[in-house]
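Below sits a lone chain in structure tokens, taken as the form predicted alone.
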Amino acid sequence: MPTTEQMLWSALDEVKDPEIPSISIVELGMVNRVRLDDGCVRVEMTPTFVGCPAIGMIRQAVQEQLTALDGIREVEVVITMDQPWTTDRITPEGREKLRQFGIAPPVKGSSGSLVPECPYCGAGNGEVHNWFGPTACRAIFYCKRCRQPFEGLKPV
């Protein structure tokens, strides 16, 4: 059976973010377009940050994942910032996987509080503990209800 575009998207959904291995690059909303033409694939992606240190690893993982499919001879991964990435691009499945991994999904939209709900107890009355988390895209928050610190994606 020849590889279809849907098969490419399914394969891309197996490529995990190296910094958050519970979520795929598709669930993060990083993949803009996929085009298949006579065994050649072009994937257009937007990193979550301009200086994302994991983009090289992600590019290699995409190429390896797609060239493993039948009939795929060449994979071109194009990194673009033409369509800015925002945290609103994270799919509902991705948001749930983040929460299950212990990282609070960012608050949707640009109005209101920047502090996400606690991934442990679900309370929404936390506070920012430190905007500098373990990676550039994460911050440390503190839940006033269960008194636990937690990581959360910064809203972008």
Partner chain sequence: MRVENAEQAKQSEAYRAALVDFLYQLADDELCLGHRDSEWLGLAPDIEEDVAFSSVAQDEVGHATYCFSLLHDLGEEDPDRIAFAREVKRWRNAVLLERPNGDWAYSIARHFLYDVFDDIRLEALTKSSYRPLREGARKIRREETYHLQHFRLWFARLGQAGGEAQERLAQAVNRLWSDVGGLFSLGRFEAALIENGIVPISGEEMRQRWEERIRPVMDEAGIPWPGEIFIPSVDGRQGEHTDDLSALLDTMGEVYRLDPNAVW
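This one's a predicted model, so the numbers in the text were calculated from it and none came from an experiment. Numbering follows the first chain given and starts at 1.
What follows is about the form predicted in complex with the partner chain, which we do not show.
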Can you pick out, from T67, N125, N130, N32, the residue that has a heavy atom within 4.5 Å of the partner chain in the predicted complex?
N130
F101 versus the partner chain, in the predicted complex: is there a non-hydrogen atom within 4.5 Å?
no
Against the partner chain in the predicted complex, would A136 count as a contact residue? Criterion: heavy atoms within 4.5 Å.
yes
The partner chain contact in the predicted complex: P84, any heavy atom under 4.5 Å:
yes
Any chance V50 has a heavy atom within 4.5 Å of the partner chain in the predicted complex?
yes
In contact with the partner chain in the predicted complex (heavy atoms, 4.5 Å), from 115-123, 91-99, 23-31, 42-50, is stretch 42-50
